[in-house]
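Shown below, as structure tokens, is a lone chain in the form predicted on its own; questions about how it binds or moves come after it.
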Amino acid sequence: MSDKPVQGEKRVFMTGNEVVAWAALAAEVDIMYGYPITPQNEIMHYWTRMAPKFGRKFLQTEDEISAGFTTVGGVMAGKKAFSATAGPGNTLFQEPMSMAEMMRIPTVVVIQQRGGPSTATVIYSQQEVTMTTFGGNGEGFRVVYSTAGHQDLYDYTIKSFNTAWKYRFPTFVLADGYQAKMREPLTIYDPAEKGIEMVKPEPFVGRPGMPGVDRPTQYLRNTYNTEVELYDAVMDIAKDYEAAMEDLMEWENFMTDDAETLIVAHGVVSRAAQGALPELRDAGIKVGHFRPITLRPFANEELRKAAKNAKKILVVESAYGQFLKLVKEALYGMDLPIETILRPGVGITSEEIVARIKEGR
């Protein structure tokens, strides 16, 4: 068998969970730590089926807190490690990801959002936006990619490992139950053949040599004895995060130059927004769409530019205002009415968006 899971480019027809497992293999991941929860279970299933063929490892932990901390530990030992979870599992991941945020450990976690609060449904929602972007007891110094489909899942799962290791912030791939379970076509590829150089992992502990003599001393701390020490540590992280924000932020504009109504949506819902544009444009309605790809950091200025000619904003999400909060913060000070379609745990169609905009004319 080849030592490379993916060679060249291949057109395939997969579920989203299968895509994540293939992307992690292509990204040269060493090990996955995980605990089962729907709708991400099949990431573990596919990984455990394929990874041993390429010398990769898997460890099932006793719960999601353990999965998070073993991911942190694996990374500290010099392994390229990741995990995946959803819903209540995402809640339990916030403690280890806060530790990773403080200690600058490059962790990667894939979130397949399900309904909430609590156990709720195992199917679909966009209700993990707030927890994934600002979870834990820190300041939210993390990177969150919101994917809209299977090609995104492949591309951004690969990219997330380079982002985490280059900038050393916890990095999340935020998808959802629809993307996890449905099949659709995409192109998988070997990153090296597309000129994507994967950042090599290195150990944080157990390095050869004497600290301060043969190599720089590392201070791996998540506990500080005084307020002043903590203040300095957090402000140093903030400085690094803000310096990296311009490189990290990603977004897409669709027909925004002359848009009088701007639809703002992320993830799979942005596909419904894109689907609504042709019918609305054919009806003579000047409508555009702004899709943030990174929810953290959020491309505030780019959204403001997209909205500069708009007469109103329509925020569409499968949650009850979690994404809306990010949009309002980005548009603060702009005198624009904001309308909403908020459907916690329920999918949204292009037809519903078209009907809402036509009703509001």
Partner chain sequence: MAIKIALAGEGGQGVQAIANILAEAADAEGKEAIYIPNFGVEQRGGVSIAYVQIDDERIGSPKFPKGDIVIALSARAIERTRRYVDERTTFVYDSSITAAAEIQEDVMGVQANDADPRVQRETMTVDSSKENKSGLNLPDNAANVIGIPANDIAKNDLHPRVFNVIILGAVIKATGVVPVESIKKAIEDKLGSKFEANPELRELNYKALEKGMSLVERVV
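Note that the coordinates shown come from a computational prediction; the quantities given were computed from them, not determined experimentally. Numbering follows the first chain given and starts at 1.
Keep in mind that the form predicted in complex with its partner chain is not shown, yet the notes after this line are about it.
Shown without its partner, this chain lists 271, 281, 207, 166 as candidates; in the predicted complex, only 271 has a non-hydrogen atom within 4.5 angstroms of its partner chain. Residue-level contacts in the predicted complex: of 234, 77, 122, 199, one residue has a heavy atom within 4.5 Å of its partner chain, and it is 122. With a 4.5 Å cutoff on heavy atoms, residue 95 does not count as touching its partner chain in the predicted complex; it lies far away. For the chain shown alone, residue 184 is a contact residue for its partner chain in the predicted complex, at least one non-hydrogen atom being within 4.5 angstroms. Put simply, residue 348 is close to its partner chain in the predicted complex: some heavy atom of it is within 4.5 Å. Among residues of the shown chain, residue 178 is one whose heavy atoms approach its partner chain to within 4.5 Å in the predicted complex. Residue heavy atoms within 4.5 Å of its partner chain in the predicted complex occur in exactly one stretch of 207-215, 82-90, 128-136, 184-192, and that stretch is 184-192. Residues are counted as partner-facing when one of their heavy atoms sits within 4.5 Å of its partner chain in the predicted complex; in 5-20 these are 11, 13, in sequence order.
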